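Starting off, we have a lone chain in the form predicted on its own, written out as structure tokens.
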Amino acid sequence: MREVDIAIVGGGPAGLMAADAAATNGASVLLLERDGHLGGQLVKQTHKFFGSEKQYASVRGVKIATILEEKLQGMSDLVEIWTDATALGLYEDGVLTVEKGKEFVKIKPKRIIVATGASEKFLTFVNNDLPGIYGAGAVQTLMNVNGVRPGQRVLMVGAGNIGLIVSYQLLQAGVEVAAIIDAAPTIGGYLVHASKIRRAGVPIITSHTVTRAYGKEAVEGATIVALDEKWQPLPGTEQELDVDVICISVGLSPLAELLWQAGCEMRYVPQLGGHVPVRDHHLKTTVDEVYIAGDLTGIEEASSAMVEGRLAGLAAASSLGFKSDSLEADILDCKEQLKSLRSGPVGDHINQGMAQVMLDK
């Protein structure tokens, strides 16, 4: 059985930062990533980040992934990285089972940081299984990772940050965006993103949803309809759009299967995207050895995921006795960064959700 101070499940923004923080304080780290590369959502993000210098403001997401990976590779005496390694189970005795290639491995870490991220939600409508219907993450992968345009004319369903950003990336790739629709009465994403889309001539239509896709072999069009104040379709408001792609961007759900299995206390919190683990201010769950970070704790931006990763890495390492002279200041700095990222109207729903899952209120 393999032993290590800290095992980190997930090599996205939260996992990368957690590994850096823990190893910098002297803990040995095994970083597990099920894909063949590190970076998670960062490798799809070609836009420049907001925030502060500590959150890599003005740096493109894909570049941030490279920076963090290179930093970890420079700490090979303490950090071991396994890609193509899928965590299969986390058991009551603290054993983590992993499928690494074709090998089945058991790991006994002293602490575990789960940073598995989230999965995309989908919509139910007529013919939603036609080729040409994608989640926003799939569209980003096609364009930004593989260099493939998904189609010629797209209907974007969802006006949150992801829907707005992916729409702009589609425009940059030479794809026409017929419209962005959202069932909510207001735009959910940052207005700076919405303004760029509108300046490009793309209509953003709120209080609308998609009811049907049509086409023989693949998507050839979509029917959208207006919604009333009770989110019910208004008869007679149907519109048909000629599109060959329908991109769904209606939110994410935390990937928490390992935590359910480990026996962590979970609560359903709509503001955070679904079932999320109860935790303390150092991101420790109700299972003493298990810490969390990133979208698993609640759906936010990658900047918040990176700060949470750093906080979890510092806290997990500290619990094992790995403490630098600046540890307390570093932990306080992480908390202040998160407070800043969650300030203002945009962060209100996040703060409301967090208040429902904190152990040490």
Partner chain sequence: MLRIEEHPILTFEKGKLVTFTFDGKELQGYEGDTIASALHAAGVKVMGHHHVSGRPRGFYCAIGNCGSCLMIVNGEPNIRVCVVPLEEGMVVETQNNRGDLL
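Numbering follows the first chain given and starts at 1. This is a predicted model, so every value here is computed, not measured.
The form predicted together with its partner chain exists for this protein as well; it is not shown, and the discussion that follows is about that form.
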Report summary line: Checking Leu72, Met143, Cys264, Leu272 against its partner chain in the model of the complex, the residue with a non-hydrogen atom inside 4.5 angstroms turns out to be Met143
Requested in this report: Specify the contacting stretch among 310-318, 22-30, 41-49, 323-331, defined as having any heavy atom within 4.5 Å of its partner chain in the model of the complex.
Outcome: 41-49
Query raised in the report: Taking 4.5 angstroms as the cut-off for heavy atoms, does Ser76 touch its partner chain in the model of the complex?
Result: no
Query raised in the report: Can any non-hydrogen atom of His281 be found within 4.5 angstroms of its partner chain in the model of the complex?
Result: no
Query raised in the report: With the cut-off set at 4.5 Å between non-hydrogen atoms, does Glu217 touch its partner chain in the model of the complex?
Result: yes
**Report entry** 4.5 Å heavy atom contact, Lys102 to its partner chain in the model of the complex
**Finding:** yes
Requested in this report: Go through 297-329 residue by residue and record those having a heavy atom within 4.5 Å of its partner chain in the model of the complex; state none if no residue qualifies.
Outcome: none
